[in-house]
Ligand code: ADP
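Form predicted alone, single chain, as C-alpha cells, below.
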C-alpha cells in the first residue's frame, strides 16, 4: 500500500489534475493507493479573502466549514479524472475518512483515525481520494488542521493504514541543501534524516511541515518528497539518522524571513517575571522562537529579547508593553528588519568547530549577527534582512554544500 499527497500547485488546473490522476493510476496498478489532495492553487486564500468581505471576524466554526470546501472540490475532480482513465476511485471528506480531531477550529490535531471505511473501499479495488487539511470533532463539527494540514493528513493516514511509503508530491524535486531559487549551486539531497528534516522545517524550509515530519519520525514511516511534474525523479527519502552514514557536518542552510525581534529592557530580575511576560504572549496564542536574557552589572534587572513570526509582531508588542508597565520595566522595542539563517546537520553534534567557522565567515563578509540559538543539530543566527540572502550564499560556499 502507498499513500500519495498532492499539494495545491499540483492540482491548480484541469491539466494538472489529469497529470496527478495519471501518477495515481500508475501507482494503483502495483497495489492499493490512498491519494491525499489539497485545495486547488490559491483556493484557500481566496476563501479566506471572501470570508473577510462578509465578516471581519467570522465565527471559527463557520470559517472551517467554508475552508473545507476547497479540498472537497479538488478530491471530486481528481476522482472524476481517475474514473475517466478507467481507475475506479471514490472521494472522501475528512469526516467520511474517519479522521477524528480535537474540538478546536483552524488548528486542530488528529486524535484518532477509524480506517474501517477506507479499508473496505481499498479491499474492493477502489482508489481512495482523501481530502487533506480537515477532520471532524467528537461533536460532529468540521475542523481544519491549520498550516501543513494536508502533509499531516497524509502521514497520519499512512501510519494508521500501515502503508509501505508516503510520497509527498510538490513542485520541486525534493529537499535541497539550500533554496535553489536563491543559490544556483544548491544540491538535491537523495536522503535526509527525520531529525535534520524536522529542524529544517522548523526554521523555515517550506517543503514539509514540522507536524508531518514529527509524525513520520514517531512511526518510523518511509517518506519521499517528489516532484509532481518530473515522475522519473526519485526525490529525497526521509529516514532515521541511524540508517545513514554521517559524513558531513552540515546538510543544508535555511532562510526564514518571517521573523521579528522584540525586547523588554530592564525588567526586574525576580522569580515569576519571565512567566508573566511569556504568559501574556501565550494568551494571545503567539509562539516564541529564540530567547536571550542578558543581565546588567547590578544584577537587579534583565533585558529579555526574543523572536516571533512577523505577523504576530504588533500583537506581541502590545502584550509586551502591558507587561512592561506592570513590571515597571524601562521600555520595549520591536525590530522587523531581521531574518533567521540556520544550518542543519546530524553531524553538528560532533563538530564544535562548525559554529566558529560559520560566525567567522559571516564576520568577514561584513554581516552582523544579532542573536544566536543552537540545538544538537542546528545553529541559527538572526541577521538584518538585507544581509540574509548573502549570508545563505556565504555559508553554502563555506561548507561546500554543492558537492
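Everything numeric here is computed off the predicted structure, so don't read it as measured data. Positions refer to the first chain, counted from 1.
The protein also exists as the form predicted in complex with the named molecule; that form is not presented, and the subsequent description refers to it.
- In the predicted bound form, none of the heavy atoms of residue 194 sits within 4.5 Å of a heavy atom of the named molecule.
- The closest non-hydrogen atom of residue 98 lies beyond 4.5 Å of the named molecule in the predicted bound form.
- Residue 171 belongs to the set of residues with a heavy atom inside 4.5 Å of the named molecule in the predicted bound form.
- Heavy atoms of residue 167 never reach within 4.5 Å of the named molecule in the predicted bound form, leaving it off the interface.
- Using a 4.5 Å heavy atom cutoff, 5, 178 and 207 all lie near the named molecule in the predicted bound form.
- Of the stretches 377-385, 390-398, 5-13, 19-27, only 5-13 has residues with a heavy atom within 4.5 Å of the named molecule in the predicted bound form.
- Listed residues 212, 128, 200, 158 were compared with the named molecule in the predicted bound form; 200 is the one with a heavy atom within 4.5 Å.
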